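The chain below stands alone and is given in structure tokens; this is the form predicted on its own.
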């Protein structure tokens, strides 16, 4: 018993002695490095002859997540005894962070680095160098409040966008005004989508890569990470059925809502606002002669709606008038032959009744989209003919009346001039 006790004391003593021996080495190595690198004027030249700063803010480094690391833990190829001398080959973050090496290597950034691009994002480009902080720290470059600006260092640079043929030149400006950006940056709702939520972190891939979360066919699932109920509804719609078959003309989330500039449906600038959804969003496909012919869709759906009572009311600015989504649904759009469709004959009374409480079965059977091939019915034809002749008579009568009145007044004025 006493022997075990003495053994434990001896181990504790050796551990303490070991700590006392190794700890000063770490501090000493940092202090020795900062004897030079704490100088703001310390510079060197890269291979191209460009001057680069070798200054490291000691206070900033000590506050960082690596503050208790020895400098040579990261700069492992630098020999303190022979330094200064030839600079090292760089820091290999993969020594500790093995789990992100392969995803980054396969990413669009990693591939660009492999191809020799000096502009591609590396570990230090996103996380910082000597000032690396955890994502939970509000000062961190990858904190939700700062993440968009960090990505924008490259993606909002017009020179980089032009050099690498990046189609969206300034996503930051659009994101800041979006419903997601406002939630994160203004309301501090960090559960809202940021760059990483949609594009991924270390494994960012091109939008044309089928493995990318922003590949068009994967967009609904990506958005569904937050909008689960909507995703479930959408995957039962006619649009998703077409998308699953590989039909790119079938709309996914970004085709209707936008990408970085997603806005609330209540925002007048939103493509799904009640005053815009019919003529700005649905019309892109349903007024396209190429798309309607390709998939055998009924022609002039958008045009016939615009000429209807509802369409004219929407054009006049009515927020209560029915638009495409009011009748066909939003994410649950189905063909009229589907029993679950809101425009199935069996469901029309309930659909129309959402605006017209006293709707009857006969009322709901009235046609909304009248085309040149449609047969509107005898009553509708009589009303149309009556309106046509009523307009002719009224307008014609006004023209005749005003013409006679003009002639009469002109004669009176001429008579008065002659007498004068």
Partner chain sequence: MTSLTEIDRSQSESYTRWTRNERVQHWLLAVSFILLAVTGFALKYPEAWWAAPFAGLDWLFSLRGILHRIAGAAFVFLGIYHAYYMAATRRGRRLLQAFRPGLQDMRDLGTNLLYNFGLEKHPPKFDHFSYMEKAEYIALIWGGVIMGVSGVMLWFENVTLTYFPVWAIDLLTVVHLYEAWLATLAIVVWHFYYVIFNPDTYPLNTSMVDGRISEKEFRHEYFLEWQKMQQEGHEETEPTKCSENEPV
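Positions refer to the first chain, counted from 1. Please read these numbers as outputs of a predicted model, since none were measured by experiment.
Beyond what is shown, the protein has a form predicted in complex with its partner chain; the following relates to that form.
Peer 1: Scan 52, 36, 65, 383 and let me know which has any heavy atom within 4.5 Å of its partner chain in the predicted bound form.
Peer 2: Only one option qualifies, and that one is 383.
Peer 1: Quick one: of 247, 312, 160, 101, which gets a non-hydrogen atom within 4.5 angstroms of its partner chain in the predicted bound form?
Peer 2: Residue within 4.5 Å of the partner: 312.
Peer 1: Is it the case in the predicted bound form that 182, 227 and 290 each bring at least one heavy atom within 4.5 Å of its partner chain?
Peer 2: No, the candidate spot makes no contact with its partner chain.
Peer 1: In terms of non-hydrogen atoms within 4.5 angstroms, which of the given stretches 334-342, 303-311, 169-177, 249-257 touches its partner chain in the predicted bound form?
Peer 2: It is 303-311 that comes within 4.5 Å of the partner.
Peer 1: Taking its partner chain as it sits in the predicted bound form, is residue 316 in contact with it (heavy atom to heavy atom, 4.5 Å or less)?
Peer 2: Contact with its partner chain, yes.
Peer 1: Applying a 4.5 Å heavy atom distance criterion, does residue 40 contact its partner chain in the predicted bound form?
Peer 2: Answer no; every heavy atom of residue 40 is more than 4.5 Å from its partner chain in the predicted bound form.
Peer 1: Should residue 69 be classed as touching its partner chain in the predicted bound form when contacts are defined as heavy atoms within 4.5 Å?
Peer 2: No, no contact at 4.5 Å.
Peer 1: Report yes if any heavy atom of residue 48 sits within 4.5 Å of a heavy atom of its partner chain in the predicted bound form; otherwise report no.
Peer 2: Contact check for residue 48: no, nothing within 4.5 Å of its partner chain in the predicted bound form.
Peer 1: Though the partner is not shown here, which residues of 401-420 have a heavy atom within 4.5 Å of its partner chain in the predicted bound form?
Peer 2: Heavy-atom contacts to its partner chain in the predicted bound form: 401, 402, 404, 405, 406, 408, 409, 410, 412, 413.
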